[in-house]
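In the block that follows, a single chain appears as structure tokens, in the form predicted on its own.
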């Protein structure tokens, strides 16, 4: 049995590189950039009107006052999308629409609702306090690095890249996942239960966790604890996947066949059993450049092991610059009985008071208890060398996505 820290190190040391690929902008959501993005154009590309109004030279109205208004001749209208170059001469103005290009010499836009127009002249009664212009390059200048390698592609990322005219980017490849839930007692939701059977929650839960990560290529299967069926399923998963995740069958029971079958299929065991609760029978192995994770069958244990070990591993393989769960050191809201022999992972919930943040361990901490996961927004990590954690002590807290 190994420590949590050693298990993490062994996983990091054995992570493969999946390479990179070019993808169209409309098909890269959830991927991670494999290149720095330099702006090919400035944003805005040209100075444009921030609102409907009238554009003019600011120098022409420097001496304007209520008792001495300055008249500006309105020469025409400039609409968004107009491509002809315009230039303002002294004491001229143009009607201008939001997003329309500012003519040469234009220094300010007077909003339509503030304008006084008489006989095709704009009456100005003083200098403007705001220019109401989006100036060329005020947000991004051409050649500026706007996104770093390792940045996840979100809807906002897609919007920025599109605004820059970029239609294809290099991203890290995503892993192909083979997800297998084992157990002869498992029945799919929607079907009738017989005595001694239970509904399979692991396949759906872990599949949803992978989907939530943006991973698209996941092949899921639920199989019984029969050697021939398990062997066929695992052999196919190893052939078709970069990473195989197995829920159940990795403990020491008579029908826990997964480890033996993996050994027959030339999967090298890197570790089995971690000094932690829940999730002691966690398995990690490798077949060539392919990873194999064996999770406990109890759903809360499977969930916690997924987010503490598999989630950061997949994040790293996908190219995230900061893989894994967000971490923070926070005060505990109550005393906790620790376990000197092993690390505890407790389901918790953040509480924000007037003066500080703290976390409260939830009830129903059993490895088979799934309901408390719906209330949990974090995992509290209780180190193995502690006996008791006193209220207000600080512990590492890992926030769930």
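Just so it is clear, the structure is predicted and the values come from calculations on it, not from any experiment. Numbering follows the first chain given and starts at 1.
Same protein, other form: the form predicted in complex with adenosine monophosphate, not shown, and the subject of what follows.
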Q.
Given a 4.5 Å cut-off on heavy atoms, tell me which of 199 to 207, 308 to 316, 155 to 163, 270 to 278 is the interface stretch with adenosine monophosphate in the predicted bound form.
A. 199 to 207
Q. Does the trio 186, 249 and 299 actually contact adenosine monophosphate in the predicted bound form, every residue with a heavy atom within 4.5 Å?
A. yes
Q. Can you check whether residue 256 is within 4.5 Å of adenosine monophosphate in the predicted bound form, heavy atom basis?
A. yes
Q) Though only this chain appears here, would residue 181 touch adenosine monophosphate in the predicted bound form if you measure heavy atom gaps against 4.5 Å? A) yes
